[in-house]
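Have a look below at one chain only, the form predicted alone, in structure tokens format.
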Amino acid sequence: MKNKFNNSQPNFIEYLNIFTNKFEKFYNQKYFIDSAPNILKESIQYINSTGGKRIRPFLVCECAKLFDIKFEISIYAAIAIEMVHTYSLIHDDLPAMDDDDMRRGKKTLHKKYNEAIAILSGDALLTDSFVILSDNYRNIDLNICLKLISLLSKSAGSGGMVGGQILDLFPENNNKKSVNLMNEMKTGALIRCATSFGAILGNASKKDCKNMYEYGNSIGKVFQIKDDLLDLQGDEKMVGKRINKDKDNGKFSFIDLYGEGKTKKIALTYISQAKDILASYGTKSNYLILLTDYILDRNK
């Protein structure tokens, strides 16, 4: 499938950087709870200052644009998604979980402060994400607000990201079914939530909601495959964290199931599926289509 871009359009990396800069300004201004203790504000400011690709908020805003929802409306859902994602990274890095000292090339939060501050900072981000949604959407459309809160809680909880983390740490089996299930829950759930948020904000049809879910499902699988490849062969300085940790910890991945070559071919199949889903949205989906290639091509 070929997509035509006029010469005045920025390339994908430039476009993503423009979005990221815009998102950062909004994020740092809008989500803090004024009454929070200073040390909590400082720790969250620190973890946010370490950067990040901001792929999940990008997905929220770009998918919402497919249904003519402006950034000024979708940004709050994007912030909530990123808060939950950041909480998950903080907790994943803890000694009881993945035990990492570095994240994005900087000290992990428990190394910068201590474990108690890291745990509580993650707790605050998770809980406050629902405040962001309720405060900013209940007066716009209560039904949409409830759908957003319900989907985020399911995606982040025991049937989603948390459950996937459990399966990652304590796998029930090392086979295709269990690896797929773990990936769909740990990584895929929040990405599907991000793409589905766009459809919810746009009050989209059942067909469009299904399309956004399936698009998120496809690119979520690609995202996890690339993470597995980076852990195996990435440049530690570029990745910004310790590599080969999954292998060292005896964790099972797509690469163990299929080998590196076949795993890359599987990722390309998911990319093709994602692009096919977006084809019906015309030029509105140009940058979402380019994102599918970026996810596999990224080096961190």
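This is a predicted model, so every value here is computed, not measured. Residue positions are given as counts along the sequence shown, with the first one as 1.
The same protein also exists as the form predicted in complex with a further copy of the same chain; that form is not shown, yet it is the one meant from here on.
Contact check for 79, 263 and 286: none of the three has a heavy atom within 4.5 Å of a further copy of the same chain in the predicted complex. Look at 67 to 75, 214 to 222, 83 to 91, 101 to 109: in the predicted complex, residues with non-hydrogen atoms within 4.5 angstroms of a further copy of the same chain sit in 83 to 91. Contact check for residue 153: a heavy atom falls within 4.5 Å of a further copy of the same chain in the predicted complex. Among heavy atoms of residue 128, some come within 4.5 Å of a further copy of the same chain in the predicted complex. In the predicted complex, a further copy of the same chain lies within 4.5 Å of some heavy atom of residue 185. Among residues of the shown chain, residue 138 is one whose heavy atoms approach a further copy of the same chain to within 4.5 Å in the predicted complex. Along 153 to 177, these residues reach a heavy atom to within 4.5 Å of a further copy of the same chain in the predicted complex: 153, 154, 156, 157, 158, 159, 162, 163, 165, 166, 167, 169, 170, 172.
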